[in-house]
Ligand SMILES: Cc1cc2nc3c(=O)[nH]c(=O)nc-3n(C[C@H](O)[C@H](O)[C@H](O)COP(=O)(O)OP(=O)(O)OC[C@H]3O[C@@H](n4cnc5c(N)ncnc54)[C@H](O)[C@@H]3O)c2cc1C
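Take a look at this single chain, the form predicted alone, given in structure tokens.
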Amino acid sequence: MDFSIIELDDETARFRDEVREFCKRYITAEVLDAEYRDGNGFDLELHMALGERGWILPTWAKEDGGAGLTGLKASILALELEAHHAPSITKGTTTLVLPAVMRWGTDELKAEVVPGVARGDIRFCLGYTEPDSGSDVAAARTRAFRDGDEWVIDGQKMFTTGAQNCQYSFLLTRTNPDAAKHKGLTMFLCPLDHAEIQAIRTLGGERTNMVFYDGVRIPDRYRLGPVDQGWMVLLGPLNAEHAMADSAPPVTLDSPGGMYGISAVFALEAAVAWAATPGPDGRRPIDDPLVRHRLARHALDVEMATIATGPAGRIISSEVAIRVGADLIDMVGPRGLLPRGEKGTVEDGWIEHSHRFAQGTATYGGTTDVFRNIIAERVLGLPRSAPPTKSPS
């Protein structure tokens, strides 16, 4: 593995500076305050400004709505947006779904939505989880039945993050209730005009949603892929969300701290700044060998999460985020629990926020137990896990 520093040529360095100026202009204190308060994972002005520059799909050709960036420049863009805490959850779900739309959507559907995705005025959310199925995505009960040239959809989805920001949901439905669990499923890019969206607030401060589909009627052109073969359509975005995309490089420049370990990155940076600041007695916490030892240990944890990829990286990044957040609060003391905006807070509350956010990462995108099963079955070749059977009484 090459750990050498990447030297930027003049043109690439200018691009980096351009991105930094962009971030200063659009990721303001007001934007961050709104994100902290509302947890939307999205800012419309920022998103549209990204679209204007082709930066929503940065490596796409300019004639297709992208910016034609090299891989290095696209990584610089992602790194700077992340370093400036850009609200980006909705952009992430949109670009996660787009490859499935490009592969399975009709030409008519792609003409309807793809240019808008590049511009920024069309966005997608994930319609997978249901109240009774949790991480068992294939147990979906949301029903879709055909009525002439239309489909009628009835059901409910849970934890549809970003639905309030989106025009379409990448919706998993059951079209054949008599088929085996992974059969009889059909995917739609379902317009959200007639769905009912209700907010859910999480411990981590994010907003997610319940979405109700009560007799929602959509034309057949919104179907993605063959009827009853939706699992095949779903697998691409699902594997990407599970950090198993075939096209992903071994280590991505745009994912410091792993999938969720970025919260530990921010918490560690805040703790280091706290430790380097003299207290009322004039002494700096970092001058204490024990503080240096704990910070160094967490720096190693974060580095481990950074280089761990795939399902293992998903587990490690979550566990590192939880462990680092808790220990940093223990080290900093009561001030570490003060949230953003409170008097005396440490580094604007990033330690407290990161600790709170980390708790949910063991669940997002499938629980860490699900990822352990993925490793066991797909990497180690172990037999599929099965629920215990009741012993005869």
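These numbers come from a predicted model, not from an experiment. When you see a residue number, it is the position in the sequence shown, counting from 1.
Unshown form predicted together with the ligand; subsequent notes refer to it.
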query: Stretch in contact, per heavy atom within 4.5 angstroms of the ligand in the model of the complex, of 106 to 114, 124 to 132, 216 to 224, 267 to 275; finding: 124 to 132
query: Proximity to the ligand in the model of the complex, single hit among Ser263, Thr161, Thr173, Thr306 (heavy atom within 4.5 Å); finding: Thr161
query: Proximity of Thr367 to the ligand in the model of the complex, heavy atoms at 4.5 Å; finding: yes
query: Distance check, Gln167 to the ligand in the model of the complex, heavy atom within 4.5 Å; finding: no
query: 4.5 Å heavy atom contact, Thr202 and the ligand in the model of the complex; finding: yes
query: Exercise: Thr345 in contact with the ligand in the model of the complex, heavy atom 4.5 Å; finding: no
